[in-house]
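Presented below, as structure tokens, is a lone chain in the form predicted on its own.
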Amino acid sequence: MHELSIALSIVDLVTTEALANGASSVSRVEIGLGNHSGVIREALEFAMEEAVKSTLLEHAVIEYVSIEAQSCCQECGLNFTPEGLYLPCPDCGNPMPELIHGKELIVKSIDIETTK
């Protein structure tokens, strides 16, 4: 289950950024997850529940935002939403359009609390 190592990396990244900005805790984290990222959302959610324990993120709301796939054909220039990962361009039939969105796994935003 590689989602656990991903969850631990997210916790490390968010903790580092939060501490660098004077956080006493993290209240919210928004994670963008591409539908062709290879990460199973339910497995990541489960792994995050364990990874945040005893960290600044322990009580944070973790929000997951789906990033829909978007492809671009290098032959005809068509931008389109692919119905599958390895399908040709629906306009010209180019067998290898470039997937330009949908593989992402990103921390989109972090909300922190500071003690004053």
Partner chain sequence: MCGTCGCGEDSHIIYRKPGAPEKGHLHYHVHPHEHDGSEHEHGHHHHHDHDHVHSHEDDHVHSEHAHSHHPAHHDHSHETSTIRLERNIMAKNDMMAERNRGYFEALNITVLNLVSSPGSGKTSVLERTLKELAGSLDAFVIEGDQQTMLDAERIKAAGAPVIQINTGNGCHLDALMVNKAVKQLEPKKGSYLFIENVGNLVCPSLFDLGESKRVVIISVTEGADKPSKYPTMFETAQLCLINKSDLLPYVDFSIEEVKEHALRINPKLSFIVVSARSGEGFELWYDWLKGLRNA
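A quick note: this is a predicted structure, and the numbers were derived from the prediction, not measured. Numbering follows the first chain given and starts at 1.
Another form exists, predicted together with the partner chain; not displayed. Remarks below refer to it.
The partner chain is not drawn, but in the model of the complex it has a heavy atom within 4.5 Å of D12. Taking the partner from the other structure, the partner chain in the model of the complex has a heavy atom within 4.5 Å of a heavy atom of T55. Interface residue remark: E75 is not counted as part of the site for the partner chain in the model of the complex, having no heavy atom within 4.5 Å. Contact between E17 and the partner chain in the model of the complex is found at the 4.5 Å heavy atom cutoff. Interface residue among I62, C89, A69, A51, judged by heavy atoms within 4.5 Å of the partner chain in the model of the complex: A51. Contacts between stretch 78-113 and the partner chain, counted in the model of the complex as any heavy atom lying within 4.5 Å, involve Y86, M96, K103, L105, I106, V107, K108, S109, I110, D111, I112, E113, listed in sequence order.
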